[in-house]
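Here we start with a single chain on its own, the form predicted on its own, put down as structure tokens.
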Amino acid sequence: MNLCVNGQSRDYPTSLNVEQLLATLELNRDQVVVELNREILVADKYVDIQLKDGDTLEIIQFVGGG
């Protein structure tokens, strides 16, 4: 399965839901916002949203600082 994540094409051997993708990328679901095919997703639904070949995702991570 091929996904475009933050402008980069990435291949994955199996289908994933959004929650699994974040785990693969070692991202904490509470510290990101995910946009799938130009639609912002609700974090509570990440486990229910199955990704499809050719999907485009933008993942924005919150970073603390001072």
Partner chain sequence: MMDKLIIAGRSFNSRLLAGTGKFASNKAMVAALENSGCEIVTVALRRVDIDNPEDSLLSHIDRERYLLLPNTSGARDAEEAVRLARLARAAGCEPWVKLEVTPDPYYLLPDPIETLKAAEILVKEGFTVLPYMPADPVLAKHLQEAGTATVMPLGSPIGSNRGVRTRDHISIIIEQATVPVIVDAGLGAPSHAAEAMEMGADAVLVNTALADTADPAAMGRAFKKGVEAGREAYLAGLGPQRDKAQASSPLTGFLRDN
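Numbering follows the first chain given and starts at 1. The structure presented is a predicted model; accordingly, all values stated were derived computationally and were not measured.
Beyond what is shown, the protein has a form predicted in complex with its partner chain; the following relates to that form.
Visitor: Would Leu25 sit within 4.5 Å of its partner chain in the model of the complex, counting heavy atoms only?
Guide: Contact check for Leu25: yes, within 4.5 Å of its partner chain in the model of the complex.
Visitor: Closest heavy atom of Asn6 to its partner chain in the model of the complex, within 4.5 Å or not?
Guide: Within the cut-off, so yes.
Visitor: Since only the chain is shown here, I'm wondering whether Glu19 would be in contact with its partner chain in the model of the complex (any heavy atom pair within 4.5 Å).
Guide: Flag for Glu19 set to no.
Visitor: In the model of the complex, is there a heavy atom of its partner chain that lies within 4.5 Å of any heavy atom of Met1, even though the partner is absent here?
Guide: No - in the model of the complex, heavy atoms of Met1 and its partner chain never come within 4.5 Å of each other.
Visitor: So, Ser15, Val47 and Gly54: all three within 4.5 Å of its partner chain in the model of the complex by heavy atoms, or not?
Guide: Not a single residue of the candidate spot has a heavy atom within 4.5 Å of its partner chain in the model of the complex.
Visitor: Select from 40 to 62 the residues with a non-hydrogen atom within 4.5 Å of its partner chain in the model of the complex and write them out in sequence order.
Guide: The stretch 40 to 62, when checked against its partner chain in the model of the complex, contributes Ile40, Glu58, Ile59, Ile60, Gln61, Phe62 at the 4.5 Å heavy-atom cut-off.
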